[in-house]
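Coming up is one lone chain in structure tokens, specifically the form predicted on its own.
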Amino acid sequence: MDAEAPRTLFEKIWSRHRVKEREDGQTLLYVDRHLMHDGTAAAFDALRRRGLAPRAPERTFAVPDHYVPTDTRRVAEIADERRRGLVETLARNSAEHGIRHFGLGGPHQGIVHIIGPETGLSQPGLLMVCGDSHTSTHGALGALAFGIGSTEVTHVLATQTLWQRKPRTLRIAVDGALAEGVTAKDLILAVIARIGAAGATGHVIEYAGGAVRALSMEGRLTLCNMSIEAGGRAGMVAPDETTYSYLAGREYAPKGAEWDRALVRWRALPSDEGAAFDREVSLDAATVAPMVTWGTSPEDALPITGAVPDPDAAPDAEGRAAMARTLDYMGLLPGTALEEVAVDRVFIGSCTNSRIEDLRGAALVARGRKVAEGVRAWVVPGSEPVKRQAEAEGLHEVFRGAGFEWREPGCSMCVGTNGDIAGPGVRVASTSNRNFMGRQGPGARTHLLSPAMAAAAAVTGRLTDVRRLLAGEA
């Protein structure tokens, strides 16, 4: 009998969770972890209409994050009735069905994609879903994790399974070493600029190579988080000693003999030597510089040393017209050096960049400096544990001393559904994941960058190459 053909990390997890296949190519998959946030009330209503209850409530975990305020922890103080109702409804539904609820004001509340890894709910080899596109974040630990729609949320609640069509695979290898001042956020923006916002459509991405292995777990989480901005179904990094060290001792991580057995399983997960991917892309880490977006798609990214592009350079009339519309919306002129672009607001937060490593990087830049006159700057930790850790390290005092506002955990300005938005024409330097028109408020103009780059923009009042500040320049 022939030996089994080499398999990718994705194929191993997909095969293990396959329940059955239909003739139309759809596969029924078993779901290990179902994460929910405060925008999923309709799924419980759908269950009630059908006389159903969650099939495996012990595998479902809920947290309010999209609609919670970042200036208070009291549900009663949420001024908007609809937002308050969504937060209260999630708590009621969780209590009714015995679902673990990380409630507002509790010690573990935060953004769903922050608390999953930090509690150990996210683990290698698991199949995880959530009604949020950035569920790809959890793939940093070697899980297969992806976002699902509202009707799919109902299906998973009712059956603990989900019908999916098997995606293709894309390996993105990043070799070499990232330079000083260059982060995982810069790397993923460089990847998206390289392959395009639709470059990974229909694929699960596996990030590999020496530069990826050298990333901390927090850097890997940032990398996988924005896989969806490249069009990917999911993003993954093979588990290794960095993964195991990160997970050890966390609340939901295996303990004792179970941990030893888990390690055996996890160490068999990485893609086999010779495993075939449908596509492969290579990138030299040494060529990546601090990045910033200039347009209204994450693919509109350039090194901070660059300039706003000229629509006349587009290859066709359609492209020229699209770029002209983008620059009109962004209020930018072709040829303007990116470092000459002034900002009005700075947002450090989101499921992309609100972990303790992100805050440390921003605080390093902010320390001993002051937010520029006329700039309003926020720091929003990703969870209560992140906030506690930052305060234990005195980072909140660094930020406050520099003139930043130190907020409570939540999605905040990333999506703006809790009221944290910028006004029309306001230019925001943001560590979030999307710069679409109106994403941070109607008419708001968003530039995506790393936490250190955002802090640099806050203290200079414009998009700035953080490497100059790290080198001691004023």
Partner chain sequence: MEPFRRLDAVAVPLGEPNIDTDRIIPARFLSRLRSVDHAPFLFHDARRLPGSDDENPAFPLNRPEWRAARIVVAGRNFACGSSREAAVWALYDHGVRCAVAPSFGDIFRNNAMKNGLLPVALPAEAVADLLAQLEARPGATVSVDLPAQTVTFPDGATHGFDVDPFDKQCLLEGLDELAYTLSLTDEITAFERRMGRENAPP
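Positions refer to the first chain, counted from 1. Because the structure is a prediction, the values reported are computed rather than measured.
One more form of this protein should be noted, the form predicted together with its partner chain, which is absent from this view; the next part is about it.
Looking at residue 265, you'd find a heavy atom of it within 4.5 angstroms of its partner chain in the predicted complex. In the predicted complex, none of the heavy atoms of residue 259 sits within 4.5 Å of a heavy atom of its partner chain. Not displayed here, its partner chain is approached by residue 202 to within 4.5 Å at the level of heavy atoms in the predicted complex.
When its partner chain is considered in the predicted complex, residue 149 lines it closely, a heavy atom lying within 4.5 Å.
Contact annotation: of the candidates 372, 307, 158, 281, the single residue with a non-hydrogen atom within 4.5 angstroms of its partner chain in the predicted complex is 158. Of the residues 248, 91, 276, 197, just one reaches its partner chain in the predicted complex with a heavy atom at 4.5 Å or closer; this is 197. Contact with its partner chain, judged by heavy atoms within 4.5 Å in the predicted complex, is confined among 281 to 289, 314 to 322, 379 to 387, 104 to 112 to 314 to 322. Relative to its partner chain in the predicted complex, residues 28, 228 and 415 are all within 4.5 Å by at least one heavy atom.
In the predicted complex, 82, 86, 100 are the residues of 72 to 108 with at least one heavy atom within 4.5 Å of its partner chain, listed from first to last.
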